[in-house]
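One chain comes next, on its own, written out as structure tokens in the form predicted alone.
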Amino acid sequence: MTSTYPARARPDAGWQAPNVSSRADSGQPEHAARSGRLAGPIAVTAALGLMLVAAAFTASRMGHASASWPDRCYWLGQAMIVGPAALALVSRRLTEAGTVAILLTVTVAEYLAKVCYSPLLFSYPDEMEHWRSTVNLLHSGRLFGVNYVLPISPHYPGLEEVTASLASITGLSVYDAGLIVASAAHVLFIGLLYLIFRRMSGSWWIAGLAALIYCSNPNLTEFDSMFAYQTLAVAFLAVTVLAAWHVTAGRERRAGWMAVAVIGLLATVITHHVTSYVLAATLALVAVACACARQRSAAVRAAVLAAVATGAVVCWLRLAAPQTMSYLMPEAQSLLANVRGLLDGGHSAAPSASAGPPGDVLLSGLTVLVLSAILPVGFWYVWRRFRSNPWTVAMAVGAACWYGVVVVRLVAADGSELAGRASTFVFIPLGYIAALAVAQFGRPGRSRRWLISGLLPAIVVLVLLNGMANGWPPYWERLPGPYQVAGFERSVEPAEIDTAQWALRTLGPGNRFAADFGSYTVLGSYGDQNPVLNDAFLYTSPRFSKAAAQQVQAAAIRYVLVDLRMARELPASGQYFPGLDPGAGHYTHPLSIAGLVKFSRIRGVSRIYDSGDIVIYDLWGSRYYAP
């Protein structure tokens, strides 16, 4: 069977990455032994670094969060995990087995660091949302149930199906089964990325370097390894892309790889909305690149896959998840409004979250400058050497989206969050093109030894640490610690969980609750309640008016949870209430205590729970409440 690539451009035609010495590629025994000697100490160093990270988390959780040494311990541990690995990969002293071993060491160590943040239960909001969907599936035995905490989740049940099946077969808890599924998907994703880069470049060195650069994606170590539907979906995306490469560029078993690609893309479609859209766009881009390279048979096969993916997305939207557009539309409208405002000479809305400590801001700025400067070198190399290779050209086009991500981050309201979500996908081509650029910088030569031995590892480590500094959790929750009002992970404490579980035991599941931002997800997951959005009107006024009563009736709110700490502290996240909070990003002082305790003065309202800081009111007996 004839390959669709010309000999010069075809990735599997024996092309060796520049800067890979002949001894490294020859697989000589002494080089393999040296590679093994490197991998062992790096794994031990990463394990010690993981212990330091876990110690920092434990110390912060035990009341030392205000001290500086846990933070320093955390960063020393992270440097021990990524620093030696980056130095080894850039130095070209590894065989392929050593490269894969070190890449997996970093991946597993960072995942375990994420688990150490909350080792006994789900505390990340996204994980609790999907935990609720999984529990609903286990209890009802039916797909497409109702999840008020994340309404779109039941319509993309891939993650919940896999987790519920594992829990049912093994008897494991949802938490344990979820950790297994998320960890397997996360490691599989990085491993598949390496294989994709390996196929395209023909070099294990560039593949390992590209995968390591991808690990600097700010969302990878936490957000993209959570028990959340995107974590599993990106693994399916990688399976599909690898299979699509074999279908279009490989020479053997194309029918089998086509079947794998179709199964992978269907699994992606039913698991996560945005990932399926990116996959369909990627396959379409590859088809166009193949057509432009006059590789007709490859273009036809890629176009068939793109058509199947698009058709599957449309069918799923129409038949199973018609709510998706209304779920995604507000973010899209906000982004378009900001872009339109800039084009008209106006100003975009200010981000709602703080930019972070100066050190994080500096690290972020340096990383943006480095990546923005290094990509043109990769583009030039693609043009000079691989412009007839459609997959590499498609990667270059995808990497160019990085500059759009930078613009979004600078101009859009909540631009950091939008850019972070996009980086999950943009960093795939960016990592590959950046690795090609690093290969050019690192070509052998006496004048460049200082660059190879010093500057390049420093650049890679800087980019990796930026992903940890400016990813998730936000800087004010980087270490676990005391309760924070209206936060994320640090709003999930024993008192909040006890309150939610009391509500489940005493009131039963599925009650309509009003709650603050921090308690919203806890009630919806551990409490199995149905909290409502846009409930700020209940807390910000000192009186319970008839207009408020009408809104309560319209939303069918039966219970109101009041956290009195909202009168003592500003919201860590910038907003006190879930959904639309009119004061989000503009609070300069805590809420008035009068607006929080007014329910005690309303005739017929019962205070059914009081822990001191947390109070639950039952509105049933109020003359303003009509069930």
Partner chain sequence: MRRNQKLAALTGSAAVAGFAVVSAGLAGPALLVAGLLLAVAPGYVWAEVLLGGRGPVLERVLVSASLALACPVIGGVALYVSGVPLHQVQWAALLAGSTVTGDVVLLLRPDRARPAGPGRPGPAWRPAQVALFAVAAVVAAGAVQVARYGAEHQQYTGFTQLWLAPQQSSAELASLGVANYQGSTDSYRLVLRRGSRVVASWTISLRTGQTWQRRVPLRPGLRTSADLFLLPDLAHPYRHVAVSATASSTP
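The model shown is predicted, which means the values in this text are computed figures rather than measured ones. Numbering follows the first chain given and starts at 1.
If you look for the form predicted in complex with its partner chain, you will not find it shown, but the lines that follow are about it.
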| item | value |
| --- | --- |
| His64 within 4.5 Å of its partner chain in the predicted bound form, heavy atoms | no |
| 4.5 Å heavy atom contact, Pro151 to its partner chain in the predicted bound form | no |
| Ser123, heavy atom within 4.5 angstroms of its partner chain in the predicted bound form | no |
| Any non-hydrogen atom of Arg93 within 4.5 angstroms of its partner chain in the predicted bound form | no |
| Segment assignment from 384-392, 216-224, 229-237, 422-430: heavy atom within 4.5 Å of its partner chain in the predicted bound form | 229-237 |
| Selected contact from Ser326, Ser168, Ser372, Ser545, since only one has a non-hydrogen atom within 4.5 angstroms of its partner chain in the predicted bound form | Ser168 |
| Residue (of Ala79, Leu410, Leu188, Leu418) lying close to its partner chain in the predicted bound form, criterion heavy atoms within 4.5 Å | Leu188 |
| Heavy atom of each of Pro41, Ile263 and Trp620 within 4.5 Å of its partner chain in the predicted bound form | yes |
| Those residues of 104-141 which, in the predicted bound form, come within 4.5 Å of its partner chain by heavy atom | Thr105, Leu112, Cys116, Pro119, Leu120, Leu137, Leu138, His139, Ser140, Gly141 |
